[in-house]
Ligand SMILES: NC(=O)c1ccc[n+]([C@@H]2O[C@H](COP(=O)([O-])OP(=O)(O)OC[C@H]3O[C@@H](n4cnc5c(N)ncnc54)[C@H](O)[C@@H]3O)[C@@H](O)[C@H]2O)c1
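As a starting point, one isolated chain is supplied in structure tokens, in the form predicted alone.
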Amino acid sequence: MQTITVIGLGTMGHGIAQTFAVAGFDVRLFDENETVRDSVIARVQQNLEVMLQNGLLESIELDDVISRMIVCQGEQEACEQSDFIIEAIAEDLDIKRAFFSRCEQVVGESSILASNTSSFPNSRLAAGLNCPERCINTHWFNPAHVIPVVEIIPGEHTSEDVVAKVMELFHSIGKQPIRLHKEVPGFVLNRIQVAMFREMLDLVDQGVISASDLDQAVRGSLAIRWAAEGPMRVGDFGGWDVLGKVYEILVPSLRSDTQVHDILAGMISRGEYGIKSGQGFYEYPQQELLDIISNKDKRFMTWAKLLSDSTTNDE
């Protein structure tokens, strides 16, 4: 595979496109929003400069990377003659299925069709396609150009040959592809995240701890241990006999309902979405927004580089 297509160039898409271009692939880009489409090169260039400054990339020629990215003015132009097409469009099943149906009409027989969906099983996305065996989910994490792990989720009809090619492709661009062996709603990492958010929101709502203290507590304990070894190995080190007892004692008191927590529902009803609205658990003044995002990305990059170096040394 040499030519990659990325459809949808917003929060996730531009980082996905950048990752492939840095790895030496020719990348064709399209977004139906003209403003998003016209700004993608500037956003990628800014990302690359920050990554270079923080040592997350070896020395690269920015012009070479940018030259491999071709912004197309139409969806068909972007998709035809491409070897691997990935969509990062609206999280709407009908919209995604319609896209794949159109895409299938213009790509070659060997082209692979991938989705960056964070929720829909590939078997539902590929339903009705002539060649569902070449469809697969590749679930990236934000920011896509920084976070190493990508979940790889085959559908019911996805061929093993396609899975193998996608795993090899993602290894070649410096990612850590993690294959899932069953389709479950939300895949793996989103399920873990939501389960933890349910309990964390409840602890904040009960007044057990403030949101800022909870962040500090997690960053200075669980995050360090899990980043270094992973939760299952940390459990091995702690001893499952002890953890089993703790589990038995705590599980009855953990929040276990299936409703959106009142504290979260209240924030949503007030339009407190987080950084996109300027208010979440923290305030995000408009004049400080770029600095806040830049500093967040720099911290992510520092940890990503540390983990990358650690993985390389382990090998």
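Note that the structure is predicted; figures quoted are calculated from it, not measured. Don't overthink the numbering: it's just position in the shown sequence, from 1.
Only in words, not in the display: the form predicted together with the ligand, which the text now covers.
- Proximity of Phe84 to the ligand in the model of the complex: non-hydrogen atoms within 4.5 Å are absent; the residue sits far from the partner.
- Although the partner is absent here, Ile95 sits close enough that one of its heavy atoms falls within 4.5 Å of the ligand in the model of the complex.
- The shortest heavy atom separation between Leu9 and the ligand in the model of the complex is within 4.5 Å.
- Proximity of Ser256 to the ligand in the model of the complex: non-hydrogen atoms within 4.5 Å are absent; the residue sits far from the partner.
- Note on contacts: among Ser172, Gln216, Asn142, Asn130, the single residue with a heavy atom within 4.5 Å of the ligand in the model of the complex is Asn142.
- Val36 is the sole member of Leu264, Leu48, Val36, Leu56 with a non-hydrogen atom lying within 4.5 angstroms of the ligand in the model of the complex.
- Stretch-level contact check against the ligand in the model of the complex with heavy atoms at 4.5 Å: of 95 to 103, 195 to 203, 219 to 227, 176 to 184, the positive one is 95 to 103.
- Heavy atoms closer than or equal to 4.5 Å to the ligand in the model of the complex belong, across 77 to 100, to the residues Ala88, Ile89, Ala90, Glu91, Ile95, Lys96, ordered by sequence position.
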